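First, one chain by itself: the form predicted on its own, in structure tokens.
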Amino acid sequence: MTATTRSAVRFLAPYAVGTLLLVAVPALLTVGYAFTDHTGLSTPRFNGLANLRRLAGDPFFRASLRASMVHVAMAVPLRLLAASGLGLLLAAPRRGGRWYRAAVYLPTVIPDIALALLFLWVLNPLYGPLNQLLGAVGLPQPTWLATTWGARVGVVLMLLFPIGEAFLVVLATRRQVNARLYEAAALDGCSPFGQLRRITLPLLAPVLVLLAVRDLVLTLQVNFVPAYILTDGGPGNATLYLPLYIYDQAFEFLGFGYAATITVVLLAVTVAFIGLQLALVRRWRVLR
């Protein structure tokens, strides 16, 4: 073993141990608990496929799964579009650019609970600033958290702000593109939109695909805090996302075994989504 290899092993060892203890072991325990009647207070007893049979007939699980799918379909494209658009817009040097970039990244470092409490005020239908702004320009003022689609849109609006990590990746990737490509395109009479379509987006495509996969996994998980604080799963289970339903089953009803089963299903849904994304990307590359 060379000195470089030994240094790499020493450097990676704490992360490997942390991954084993904090990810691999809990994941294996979760899979094991999925086939038990564990309540968190008593010794788990193996119950075979009882949790899966209960899952198949659980209307709240179906509502939770449907709410999660709708949320992903709304949030992931909008978050990726916002991060990419701001990254491309602020990539060029401009006066005060560092302050704009800091403003885009700032919500990412705000704790989720603090951001959710802030949005409780922003989305308040009586004195919230968003409805006051909509009323000032003559637009309807929704009761955001009291209707099905108002609550769904409200959660998505909150999650459009902590996009700093994807924003920085797009920003850094765009700045690595050779400026001579754009100069040559401009000399050939290519418009700014044409440069975006023919140069920027094709070169950024691999990064955007990775960001889409990452954001899909993230969006399925980070909706717990906004749903718990803003709506508590309502109205009518419209925001009863899978992480929130798992929490309710485990800690409200002491159904750790059943919650573990739902967690395994959430993992399977995530893997299925990632597989679908990668299959679509491969097909797109072949057709292109």
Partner chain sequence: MTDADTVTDADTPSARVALEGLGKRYGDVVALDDLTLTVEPGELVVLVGPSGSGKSTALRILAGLEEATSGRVLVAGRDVTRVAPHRRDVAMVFQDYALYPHLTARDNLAFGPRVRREPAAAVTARVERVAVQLGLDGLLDRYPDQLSGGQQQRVALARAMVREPAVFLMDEPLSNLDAQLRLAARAEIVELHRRLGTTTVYVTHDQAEAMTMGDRVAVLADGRLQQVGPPQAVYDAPANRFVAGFIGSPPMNLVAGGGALGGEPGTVVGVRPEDLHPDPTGAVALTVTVVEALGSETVLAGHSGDGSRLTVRTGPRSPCRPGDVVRLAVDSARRHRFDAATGRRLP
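Computed from a predicted structure; not experimentally measured. Positions refer to the first chain, counted from 1.
Just so you know, the form predicted together with the partner chain exists too; it's not on screen, but the next bit is about it.
With the partner omitted from this view, the residue of L208, A146, A185, M74 that lies near the partner chain in the model of the complex is A185 [heavy atom within 4.5 Å]. The closest non-hydrogen atom of P202 lies within 4.5 Å of the partner chain in the model of the complex. At least one heavy atom of L181 is located within 4.5 Å of the partner chain in the model of the complex.
Residue contact with the partner chain in the model of the complex: G189 places a heavy atom within 4.5 Å of it.
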